[in-house]
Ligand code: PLP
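Take a look at this single chain, the form predicted alone, given in structure tokens.
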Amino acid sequence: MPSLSQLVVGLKQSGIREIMNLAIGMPDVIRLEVGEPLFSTPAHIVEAAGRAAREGYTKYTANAGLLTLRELIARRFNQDYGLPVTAENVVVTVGGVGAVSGAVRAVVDPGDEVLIPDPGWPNYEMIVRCAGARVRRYPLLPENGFLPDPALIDRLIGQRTRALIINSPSNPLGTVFDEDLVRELVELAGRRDIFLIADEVYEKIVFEGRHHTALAFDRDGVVIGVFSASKTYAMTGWRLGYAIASQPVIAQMAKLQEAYVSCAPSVSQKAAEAALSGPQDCVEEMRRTYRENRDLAVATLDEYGIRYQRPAGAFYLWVDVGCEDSHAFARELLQTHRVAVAPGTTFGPSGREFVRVSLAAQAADIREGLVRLARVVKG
């Protein structure tokens, strides 16, 4: 047969998916590896989707998405952040991953460079490489609270750098950027004439303080904000995300949708309208549960003297297991102790001694899984 794309063949498989696939075939596994919300999609959202399907919302929409949904997203942003966003600033995508990949495709050419966090969501690397661009990692150091250092990032920007990706609240770290840091990163991007792709899909899952969107500080049209219904409304399978940016950027991202997906699923778009316009107590219930799980998890690790990064948002715990190879550690923990966690190395080279634990699980499973993990670490 003819040879396959060497670019695609050379992509690394996600370590999260590898552990997940192994865990699926094993009995009695405590599943703490996948970033899947603990909750089912709220009933009023499901009912709205069924009603929309019966009413005929089963066909293509505009590439950018339903105008009614884009207008609703714009209004929500005006309410939440006081930003003058209009429907022309919004493109609806196939999940948050569609928004990130569309943003990267819209702003880079082959051979350009994109700065991504280390550690950071592994899909960033895959998306950048699929666009024919080069990945350059900027470190998130423990001594800096695993937060980005704008001065260090400034030194890494080169002639071919086209974009900087940031993520707050962070997957896998759970860090939440304060207002000053977000402003400084946006100003850096504007000063250096690069795009800032701000992955903010966990914006509603913040335990202390509040979320600061990078879009609030954009004066130069350099910010592309990425959002999703997946985590906020437990809608991962509905594949519904969106991006907010300047009109020229959104126009290009909408055009790209024709090439790859045509449009986001129409029924999912109507479900998102119900999610955004309906009662928000479900969001608060989820956030409260994840915070309780966070508190239980850190208390358990404290009992055993295990080091970790205390998350202020999202639903992950970055745990220092002190190993030489977190990939091997995660496989052994699964095969011998029936606990599935994500190996830190899948998030970047700096994750060699860490694993990511999902807090989107039942409290009893989190407690038992971390006790087993701690006993392995302590020998």
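What you see is a predicted model; the values in this text were computed from it and never measured. Heads up: residue numbers just count along the shown sequence, starting at 1.
Heads up, the form predicted together with this ligand isn't pictured, but that's what we're talking about next.
- Note that among 95 to 103, 174 to 182, 142 to 150, 275 to 283, the stretch whose heavy atoms approach this ligand to within 4.5 Å in the predicted bound form is 95 to 103.
- In the predicted bound form, at least one heavy atom of Y202 sits within 4.5 Å of this ligand.
- At least one heavy atom of N167 is located within 4.5 Å of this ligand in the predicted bound form.
- This ligand is not drawn, but in the predicted bound form it has a heavy atom within 4.5 Å of R239.
- At the 4.5 Å threshold, heavy atoms of S230 reach this ligand in the predicted bound form.
- Distance criterion of 4.5 Å from any heavy atom to this ligand in the predicted bound form singles out Y124 from the list Y124, Y138, Y290, F77.
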